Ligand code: GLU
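In structure tokens, the next block holds one chain alone, the form predicted on its own.
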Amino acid sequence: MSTQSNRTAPSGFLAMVEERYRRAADLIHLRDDVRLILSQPKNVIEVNFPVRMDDGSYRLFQGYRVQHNNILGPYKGGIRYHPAVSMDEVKALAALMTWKCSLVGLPLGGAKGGVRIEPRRHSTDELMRVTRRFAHALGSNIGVDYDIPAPDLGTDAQTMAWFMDTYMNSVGYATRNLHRGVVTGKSLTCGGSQGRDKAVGQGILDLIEVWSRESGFPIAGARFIVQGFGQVGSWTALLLERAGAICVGVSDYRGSLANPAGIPLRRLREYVAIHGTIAGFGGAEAVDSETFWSLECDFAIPAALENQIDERVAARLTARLVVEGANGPTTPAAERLLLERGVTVLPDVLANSGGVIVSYFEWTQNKNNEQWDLEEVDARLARRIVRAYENAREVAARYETDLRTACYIVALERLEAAYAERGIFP
């Protein structure tokens, strides 16, 4: 069996995701029919929609929604707003969501979406109109039991509130409140879950705690750097600080900061809330990118965009543990170099799965009209993400492979079992 021969060559990020998928599929001799199905997304949606700007002019925006696979449950995945959003990027991210949901045992499939836009250049009103028009353009391609979006890069709880409200106002009035779960990552006021804002960071902390116990390396006193200081990076840094670790470096799209005595993270977060960047913050020294990646540290957390740790960066890293808060931040060549040096890499498909796990909790609470307390959410998250880590560790030992490939294997074996039991219609 083979896919269509006229397919264009994928971009670097998509090619990387596909390469890692094929490696795991080859190791377990994945069934040919399942391999064929998983090699391409089920649905690819591209929409173009006009939006009125504040000055009265109109601009045409392009948006995407890729639904990769739903054998395990409804499609699930974030929506990102970024000027570099492309179809190949969204395809790669949708596939990662399929592996991620399967790895952590969620009854959900994989999807992703995005709009090509620079959010920082638009007013709140313009972003609201973009979001509402995008939700309307997607129409019946989303739904509480079909495809459930969530926040991602450049979007947040406010974006999800607009998205939800637009969708709810397009369904029958008598049943509109049954559709709150059409998106997750909402504010508590709009039906969100306790702990959703810090979910990725909390999951990363849970994994680092397990790694710390296994390796005998304590978190208290450990030094770490974070690339990206949005929701994922800032929450991860704050939670690690609470556990006794010291943040010696932070980087974002405008610059990098270093302070060997520790960066005052709460002050930095307040500064970023006002200025939108870490640049100009007075509690640390401004450094260049090369210096940032060369800082003496024990943990490195890339929490920005894909392909940030290449071979040059990997050669400079002093960390003994890399935790991928972002999707695809480490290139295959860089990862090989890190593994050869004895550096542990906790891969994206596992490390940042706290977001979709707590999104699943939010969706479940919405469907059951419940509200769990924070302690219950955190405990459920820890159990699920640690179990996925332990399963991957066992598979890595059994196949004598790296942890990332093992995570893919766990995911693929569950998907293969579902197809084996259900068959392929007709």
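Since this is a predicted model, take the numbers as computed values, not measurements. One rule holds for the numbers: they count along the sequence shown, beginning at 1.
Quick note: we don't show the form predicted in complex with ligand GLU, though the next part is all about it.
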Candidate from Lys91, Arg180, Lys186, Lys100 lying within 4.5 Å of ligand GLU in the predicted complex - any heavy atom
Lys100
Name the single residue among Gly114, Pro151, Gly201, Pro329 that comes within 4.5 Å of ligand GLU in the predicted complex, judging by heavy atoms.
Pro151
Which of 166-174, 201-209, 74-82, 253-261 lies within 4.5 Å of ligand GLU in the predicted complex, heavy atoms considered? The stretch 74-82
When the contact criterion is heavy atoms within 4.5 Å, does Ala95 count as touching ligand GLU in the predicted complex?
no
Evaluate Gly233 for contact with ligand GLU in the predicted complex, applying a 4.5 angstroms cut-off between non-hydrogen atoms, and reply yes or no.
no
Val356: heavy atom within 4.5 Å of ligand GLU in the predicted complex?
yes
Taking the shortest heavy atom distance, is Thr131 within 4.5 Å of ligand GLU in the predicted complex?
no
